[in-house]
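Just so you know, structure 1 and structure 2 below are the same protein chain in two forms, each on its own as structure tokens.
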Structure 1
């Protein structure tokens, strides 16, 4: 009930009581009068009716003003005082009471604010000590979680109910990403998130089979129980999955309520699409080679058998068979050469190159040269700056060791000076020695040899390794008496501090704040699918959403933006969000553009509501919808049921109504007013995602106040909301 409504209700009750009192008093007085006195009184009232009416009117007016003064000086301030004290105590210690009232009330407000200042100072001191005590443990926990979140493999951890309690970025890419060039709105709507079911992104039969395998292996007491399966991921990926159980620490084989002898399981995902494609290409290549070999060998065999069987064959026929053998032998050589080139190109096509400091590369070469070849290599950085090169470390190291070994065999030198510097595009590495130089022809012969040093190396030649690295090698003779012969290797260089594309999506760990990719408290979450009405508000999963529209009439206006964010286990997951512009297929009113800032060119090419709404429906599945003035947004969604076939049956809560339940004496329940009252900074106002995030932050601040008010479950909050004045608003 608003303060104005409460005043008039209080006024009506007071007037009714006064009227009843004076009516009873008048009846009692009338009965005590004699007939002559009654006649005289009636005559007196008739003759002085105007004066009596004015007197009664003035008395009522004075009573209204007096009542209004008492109401706004004492009653309303006291009610607001209790509401604002609860805000100060529970959700916003920095909040201070600012109300108008009588002098006594204002003195009380001053005392409360001064006491709040003292309590806040003590609370900050205690909080600082607690934060310092927890920082090390929290830092280590977040470091581990951040490291796991950035692994190149996809990792998901689930409890026995199949609810996701950890995921990393790579798993989202593997399972959610649409095929390249596809319309995101055509995606199947598979979302990974904390508290979501793994069965929404993976075939349930595969998971159940893997868990059965794990259960059997654990009961057989296998030391490393692992289950494997292959599945299709997002973007037409083929994924290999490993399922690993998480055993309970209290017992070796605990049996949980679910019947599984473990507390949860880890799913590790590997993208094997490229691997399978390469294997298929190589297999096709070998099959083609075999078919060609069979034909050529058959021709050669037939010719030789004819020569052996008919030794006295005439010269022309014998020459014909010889030409057949020669031709087929040449075909075999050409086929083998082309197949080898194709095979090497296949190897190169998926030969990974990574960025590494050239100093680390050369230090490793120097150590291995000393251990394996007995060669001393002294490294000197001429430019005195750090550089990075993009290499396959193993083949690059083997190439440099191969060159050092050949130089030692050719020149007899056992000590080499290694210097490196950069030009505009290349890093040049110089190997110099005392003694004779080498000829370019010798170097070119080395390029055709495989990189083998004793029993270690690779079948690839030096030329193939150099080609894959876009590198060149050259030798220089002595031009001056003091100049040493040298061999120079040219490698493409990256700028100092530059990060390669492979590493751009790699591990980058920050431990300053708690990552959003995990919530291990969900291991102990009681009952994931109970009756929603009896579930505590703190245990529910919410989709906080908002819409931006072309106007305020759901019957004629269109949705142009949908924004949403999830709340799981009392945490607002900012990165698990939904942010989609929608093409309304109609011009935008000028007033609408001024309100939300969305222009028509921003909506060009965006999916229509028929494609956008199914995605949002999938994002919000199995959650409570939460909004501010949600009646309007729900009406907008309801108007699209016929055209999209999408119907939202989720339970709905409204922060506007919840604020009115908790603070009925406050006149303002807009987002800005509530946020200021609760100490929340508003960012991105009048954008769908920005308003959804602010609404979520408001709801989390309201949760402890709802608990204080005795509203613990979804039913409690819904029933209380329906009793508010704002619940009568219809769209």
Structure 2
């Protein structure tokens, strides 16, 4: 019941009680009077009706004012007081009560606020202690986590139901990523996330087979039960997978249950696309080498055996045989040469290159030059910025050292200036020295030499190393007497991160949100079922989402952005998000640009809703949809049902309604107002993903309050929302 209603109830009840008392009193009074007195009283009343009426009216008005005063200074503040105290106690300890009321109420508020201060201070000192105690454990955990994240293998941990309970970055790349340049919408539905099913990204039969193998191996008591299989990953990757069971305590005992004898399993994924490809190429190389050899040797052997066996052979024939032997011998040499070449280029093409700042590269070269070659190299960065280069650091450093060493030998210089600068496509690394320049022929000679300095180095030539890096080297003689001779190394520049769209615009955003309600029935979604309805709110998986649109009318306006994050087991998984701009295929109204800051050029080349919606549908599958003022967003999605064939049947919860359920006496249920009340910092308001994240954070803060209010399951939350929904509709 809203406070206003409450007031009128209170008023009506008080007035009727007073009226009833007055009437009863009047009746008794009337009965006691003698007939003359009655007549006298009636005449008195009649003659003084105006006075009496005014007196009664004034009395009543005074009464109403008094009532209103009491209500506003005692009753409403007390009701709010309890709501605010519960906020303070549960989700936002630093919240302080700020309400107006009577002196007594204010005194109470002061006492409560003081108490809250004390409790908060106490809580802080306790949590400080806990934090210090935890930090060490956390550090170790982080170490492990970052180790896992950087592993070249993909690691996934699943429970026996196939729910993913851990995954690392690599596994996500292996399984999710589409091939470069391909349209992601062509292969929707490959999502990895905590709580998601592994069967979304892997063939169920493969997993089931692997688990059968594991079960059999455990039963046979094999010391290290592992199952292997090969599968296709995202982007036509070929993956080799190892499944390792996580044994639980009971599994060590003889099995009583028929189920799997382990609690879950670890999947380790290796990308073998390259390997297989390599193997295939090497295999092919070997096969053709063998066949050519067999052919040539056969010719030689057959010819020479004939010559030996038949000494009386005529001259022409003999000559013919000799030529055969000679030409096949040449063939053999040729085959050898070609195979070696092919093999070497195969090997080279698998050198991995890594990104590294050019300054670091040159520092290392400078140090080594000093230690090993007695060369002093000073580095000047004329570009004044740092550049990343993509190199195989060892061979790149060796190449530079090799050049320095040769330059020293050739010119006798022991001091070099190293500068670097960028042009459009290349980073120039210049080595200059005092003395004579070097000739291009000399440089060409150096290029064909292996990168050896004393006994250290590689057998690869400078040319091979350079070509692997797509690099070039060139020498410049001095054109003017003042200029120093120099050697220039050209290294391709790697594309640096483009400026993100969030930095691009300078548009001020006015905050006038969309209307609160929309004609979408949130409470009868087909995906609702009794089992879900009885699940506690804390155990459900949610997709918190928000859309940005060209305007506020779903009938004519279009979605231009969808953002979403997942809540699993009461945790907001920021990294498992969905953030997609959508080309609305219509111009953007200026007012809407001011609102969401998305401009038309940002939408060019983005997928249309027909492609984006299937992706979002896959992202949100099997979860509860959660939005702030979700009816509007749901209506927008529903409008696209016909053209995309995508129907969202997920149950829906709305933080606006939930907040209204919990705090009926608060008037504002906008995201900002709620966030402030619950102590949440709003970031990225009016971007779809930003709003989705804020909504998710709000929901997590509301969860304990819902529990306090006795709303435990999805059904409780839905029914309560529905009541408030209609309640708010009426006013």
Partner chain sequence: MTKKILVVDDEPNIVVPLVFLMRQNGYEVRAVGTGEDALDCLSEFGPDLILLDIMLPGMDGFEVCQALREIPKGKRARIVFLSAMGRDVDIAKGMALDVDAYITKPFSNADVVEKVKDLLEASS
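What you see is a predicted model; the values in this text were computed from it and never measured. Numbering follows the first chain given and starts at 1. Basically, rigid core = biggest C-alpha set you can superpose within 1.5 Å across the two forms.
- Here, the chain labelled structure 2 is taken from the form predicted together with the partner chain.
- The Cα position of residue 448 differs by 2 Å or more between the two structures after fitting on the rigid core.
- With a cut-off of 2 Å and the rigid core superposed, residue 121 has a Cα displacement that falls short of the cut-off between the two structures.
- Superposed on the core, the two forms differ at residue 296: its CA moves 2 Å or more between the two structures.
- In this core superposition, residue 21 moves its Cα by 7.8 Å between the two structures.
- Fit the two forms on the rigid core and the C-alpha of residue 410 turns out 23.4 Å off between the two structures.
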